[in-house]
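Shown next as structure tokens: one chain only, the form predicted alone.
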Amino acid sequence: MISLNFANVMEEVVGEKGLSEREMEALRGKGQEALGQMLQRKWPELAFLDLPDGDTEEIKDVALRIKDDSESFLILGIGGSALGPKAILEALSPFHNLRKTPKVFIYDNVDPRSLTGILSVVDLKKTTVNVITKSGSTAETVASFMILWEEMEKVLGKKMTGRIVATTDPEKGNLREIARRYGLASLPIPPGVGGRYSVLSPVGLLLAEVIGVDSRELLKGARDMRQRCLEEDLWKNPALLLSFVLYLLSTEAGRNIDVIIPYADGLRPFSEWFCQLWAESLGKLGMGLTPYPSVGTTDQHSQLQLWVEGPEDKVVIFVRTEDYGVDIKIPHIFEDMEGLGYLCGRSLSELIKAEEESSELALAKAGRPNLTVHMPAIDAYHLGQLFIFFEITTALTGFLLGVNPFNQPGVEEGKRYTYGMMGRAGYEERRLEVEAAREKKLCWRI
């Protein structure tokens, strides 16, 4: 089970810049209200809490067909529809395309060079495309889907529909209509589950099964962690504690930047997944906490100096891996050299853990609050725990801040301008606004 160590945010450890138990207890009433919103399901978007109870049989059947007849598996999605699958892929099957098939490609942008590159290396006759958009109208995703549809039709004719899986709303939307019209295989994203909370739905679970990961283990881990994170006792609930700490350090100490730094290359995409979850959920009404993705030990050498001696506006969240599953011993060579000999006979896992713990201590000694999430192993069970832990923490932090952690009005505004620029009916006024803004910018260009 993953665990949270919050010693390095308490005043007993980091001094006057830390929090006291008294401050934590003073927030208990507000925290119980936030947790109550979750326990009483006051928001329909809390449906993500039900995902760990899902049935994966249909997902497994679809994945089996893909593995049987596909050399490549191409995901089209953006935001949570791509970041979640990426986090699973890199954590649980590193260097996948060099070792296993089907090879996995995740296209999460509309950069024509990237899509051209993918099309140059995959055989569309042996490729399954998984298009993921709950609304069915996400401009970036449907644009790439339309291009793939045409390209696959050129080489497969009508048979191409058998190589497309639509992951979308179970009842409505353009993609659901296309799936019905053309008889596409499809998987539902449950109503109420937003994109950034969808990784434990078919959005992430189909990819997991395709790469040989048992989706039931992801869900089992999430179920076990969910139980802990809905505990009403503050001092037994790690998600509630983390939300308290980050809320208090933001509102009382101005620490509005949250650095997340897992000490494992395979968890780098997880930190990117967290950043969308955190930023899009909390950045509203002039409030919010800015996420900052990093990876250890790499970013000790590029960023730690800033965190230790720079502006006091950050909280660092370490994710420590206890068991890497493999290890490599450092050989007994150059033993006579003072700057190298001390490493002989030690292992890389010892070194990376020492680096992580040293960074914790350096920050704490400088009075810079930090926390550590301990992850026993990088496997499906514990990754499922990590996902649900941060999802629940995010929702609780949103409730504490008094914002809706499930909508994204700022993103929607940007989408409306895009629709206007691309000529979508009903958005003509937005196009005119864009043209007027262009005129204003001309005199400032050099």
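Please read all numbers here as calculations on a predicted model, not as lab measurements. Numbers follow the displayed sequence, beginning with 1.
If you look for the form predicted in complex with 5-phosphoarabinonic acid, you will not find it shown, but the lines that follow are about it.
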Problem - Option touching 5-phosphoarabinonic acid, based on a heavy atom within 4.5 Å in the predicted bound form, out of 262, 195, 84, 221 - result: 195
Exercise for the section: Note which of 114, 135, 161, 347 lies within 4.5 Å of 5-phosphoarabinonic acid in the predicted bound form, where distance is taken over heavy atoms; exactly one does. Expected result: 135
Handout entry: Joint contact, 18, 251 and 255 to 5-phosphoarabinonic acid in the predicted bound form, by non-hydrogen atom at 4.5 Å
Key = no
Problem - Partner contact for residue 79 in the predicted bound form: 5-phosphoarabinonic acid, 4.5 angstroms, heavy atom - result: yes
Problem - Distance check, residue 360 to 5-phosphoarabinonic acid in the predicted bound form, heavy atom within 4.5 Å - result: no
Practice task
Find out whether any non-hydrogen atom of residue 382 is located within 4.5 angstroms of 5-phosphoarabinonic acid in the predicted bound form, and reply yes or no.
Solution key: no
Exercise for the section: Would you check, heavy atoms only and a 4.5 Å threshold, whether residue 276 touches 5-phosphoarabinonic acid in the predicted bound form? Expected result: yes
Completion exercise
Note: 5-phosphoarabinonic acid not shown here; in the predicted bound form, the stretch from 195 to 203, 210 to 218, 304 to 312, 351 to 359 having heavy atoms within 4.5 Å of it is 195 to 203
Exercise for the section: Output the sequence-ordered list of residues from 286 to 310 with at least one heavy atom within 4.5 Å of 5-phosphoarabinonic acid in the predicted bound form. Expected result: none
